[in-house]
Ligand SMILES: Cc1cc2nc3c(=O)[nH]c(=O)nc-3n(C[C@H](O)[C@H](O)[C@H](O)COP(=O)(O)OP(=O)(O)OC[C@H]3O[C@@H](n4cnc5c(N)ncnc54)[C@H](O)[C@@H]3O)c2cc1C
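Take a look at this single chain, the form predicted alone, given in structure tokens.
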Amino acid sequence: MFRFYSFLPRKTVAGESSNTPALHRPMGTVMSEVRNVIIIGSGPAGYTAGLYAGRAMLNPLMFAGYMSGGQLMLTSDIENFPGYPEGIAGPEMMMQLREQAERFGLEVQDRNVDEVDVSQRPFKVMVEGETYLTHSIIVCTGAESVWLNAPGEAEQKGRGISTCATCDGAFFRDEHVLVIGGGDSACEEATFLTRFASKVTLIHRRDVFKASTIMYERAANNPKIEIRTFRQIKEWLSDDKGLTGAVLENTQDGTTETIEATGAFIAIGHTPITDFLGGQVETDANGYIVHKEHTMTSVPGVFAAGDVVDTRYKQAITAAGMGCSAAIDVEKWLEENVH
């Protein structure tokens, strides 16, 4: 019960500022081979890109990160990915995707990328004191959900606390669920959850909502939604069966109260994982990579797929589809630009 993300946490080289430009960092050992394509990040987008690139005989190399497979590795049940009528556990699906891609020639290293230099070709990908050269790059590092990090939260991630109503709402039929947030996403998720839940309580720490008027009014006028303002989660409550509720704190006077619920959805934003690019690839105001032509970024030869680009759907199946597109785009680009 988790949003589908590929994940590659940022790692700063010891003793250096994270703001130091990639091309000014020591490159360490430089590998002599120039790869056709290096895929940065794993998850559905990365593994699908690796599968297609492998089948195209591009000899792809993937740096999957230490958390290979991304946050799906923490997901208990996936019921909305086509081909699994009985559902499948996240780790099992990620292992199957990886094995399939490796079967067709994808080389996977479970290491984090520190920096890249895409100022000239071949591009440089720096990994733990080693520099890999490549004609093209596919970025599949995903976006991290912003969590509250309240006490008891870590234990209930994927059990009762989620960040994706589309993914997990059906698990809470006829139950009381909480939604935390004050933007369009929070109001939209609260409204969506009324299809399944018997009651939805929308919790916001202020009385002013960032949500658009239409989205707020849609939630406020829904008889199954109760809006509680000037409240924040102080602590999550649970037993051996899962989430049981939360302790709410009044942001005005500090008083607390207990609310019972068996599910909760945190909708306070996402952070795309793009720091390692050092600002060399164009992003939007929120840090998501911008596509310029099909899946290519502002730098010719650098492509991107999955939630590091997607600000709308954020599903495993859409990430996989974009990974497929990126690999096909890379193959065509290499044919036209690398001789």
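Residue numbers here begin at 1 and follow the sequence given. Everything quoted here is computed from the prediction, not taken from an experiment.
Quick note: we don't show the form predicted in complex with the named molecule, though the next part is all about it.
Using a 4.5 Å heavy atom cut-off, state whether Thr163 contacts the named molecule in the model of the complex.
Yes, Thr163 sits close enough to the named molecule in the model of the complex that at least one of its heavy atoms falls within 4.5 Å.
With the partner left out of view, is Ala319 within 4.5 angstroms of the named molecule in the model of the complex by any non-hydrogen atom?
Because a heavy atom of Ala319 falls inside 4.5 Å of the named molecule in the model of the complex, the answer is yes.
Should Arg111 be counted as a contact of the named molecule in the model of the complex, where contact means heavy atoms within 4.5 Å?
Output for Arg111 is yes: heavy atoms within 4.5 Å of the named molecule.
Asn80 versus the named molecule, in the model of the complex: is there a non-hydrogen atom within 4.5 Å?
Yes, Asn80 is a contact residue.
Listed residue that, although the named molecule is not shown, lies within 4.5 Å of it in the model of the complex (heavy atoms), from Val37, Val302, Ile289, Ile40
Flagged contact: Ile40.
Within 4.5 Å, heavy atoms only, which of Met215, Ile259, Cys167, Ile225 is in contact with the named molecule in the model of the complex?
Of Met215, Ile259, Cys167, Ile225, the residue with a heavy atom within 4.5 Å of the named molecule in the model of the complex is Cys167.
Which among 292-300, 57-65, 28-36, 278-286 is in contact with the named molecule in the model of the complex, heavy atoms within 4.5 angstroms?
Selected stretch: 57-65.
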